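Let's start with one chain on its own, the form predicted on its own, as structure tokens.
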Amino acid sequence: MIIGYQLTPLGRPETALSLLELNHLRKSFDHPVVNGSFMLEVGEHVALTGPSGCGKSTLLHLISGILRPDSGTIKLAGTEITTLREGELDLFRAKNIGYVFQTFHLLESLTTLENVESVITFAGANHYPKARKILEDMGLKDKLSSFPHQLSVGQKQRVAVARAVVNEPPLVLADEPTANLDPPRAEGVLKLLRDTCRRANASLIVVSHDTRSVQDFDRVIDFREHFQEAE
């Protein structure tokens, strides 16, 4: 199975820049969940659509190194991440991948601002003013000192998005980033994600069950169709 399709033929000119390459990637649980190859260009924005349980989130976990594949390779920014040890992978992920999780993964003991600042610290950077600015841009100026239990579901989602993009990584992965937001907020979050990635020439992969919200992405891939073709 090929997850998606090539923007350019296999014999593409050398000027085409590939950020992410998945080759013969396979992951199974009680049945094959991910099985295929995929290429993402520098600065490209891709949406993966399909119902829950078809393998979209598993693919993001493989790309980020949260899960290890059964076989195949994952090369990001020229680094084969499947060969990295856990400590090396953690640091590589902090510097190169921003991740918006479905369940937020906010640290309950930290404030909104501290949650975003924490990923700056972990990446060994010091651009802390950017954390405040991006949260204010997302309408959370009055929630900077609030703890996660004091935030609504939609507010937690926006904090999670801010945390993913604050380091301007070359790759941002977002797992249903607008699932808990009303339409105006959802549109704003997607715009923030895409605008931030464009400014940094970063690539973006968004998982979504709502095909309407991602129609203007560079590619919209029906994950289920490609997965079914593999069986």
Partner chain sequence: MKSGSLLHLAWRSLQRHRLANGITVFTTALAVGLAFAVFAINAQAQAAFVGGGNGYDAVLGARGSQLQLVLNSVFHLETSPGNIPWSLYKAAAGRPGVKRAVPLAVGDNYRGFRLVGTTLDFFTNPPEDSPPWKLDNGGRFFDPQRREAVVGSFAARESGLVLGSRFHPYHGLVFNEDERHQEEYVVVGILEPTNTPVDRVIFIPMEGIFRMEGHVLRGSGEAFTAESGHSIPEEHREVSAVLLDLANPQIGFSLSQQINRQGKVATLAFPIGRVVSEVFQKMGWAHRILALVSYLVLFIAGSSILTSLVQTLGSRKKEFAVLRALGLSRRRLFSLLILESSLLALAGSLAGFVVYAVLVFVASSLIRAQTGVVIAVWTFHPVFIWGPALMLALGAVAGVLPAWKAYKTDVAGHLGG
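Numbering follows the first chain given and starts at 1. In this text the structure is predicted, and so the values were computed from the model without any measurement.
Below, we turn to the form predicted in complex with its partner chain, even though it does not appear here.
For the three marked residues, 142, 152 and 166, no heavy atom of any sits within 4.5 Å of its partner chain in the model of the complex.
Just one listed stretch, out of 185 to 193, 201 to 209, 40 to 48, 58 to 66, contacts its partner chain in the model of the complex at the 4.5 Å heavy atom level, and that stretch is 58 to 66.
By the criterion of a heavy atom within 4.5 Å, residue 119 is counted among the residues contacting its partner chain in the model of the complex.
Interface residue remark: residue 111 is counted as part of the site for its partner chain in the model of the complex, having a heavy atom within 4.5 Å. Among residues of the shown chain, residue 138 is not one whose heavy atoms approach its partner chain to within 4.5 Å in the model of the complex. By the criterion of a heavy atom within 4.5 Å, residue 80 is excluded from the residues contacting its partner chain in the model of the complex. Shown here without its partner chain, the chain has 128, 147 in 124 to 156 lying with a heavy atom within 4.5 Å of that partner in the model of the complex.
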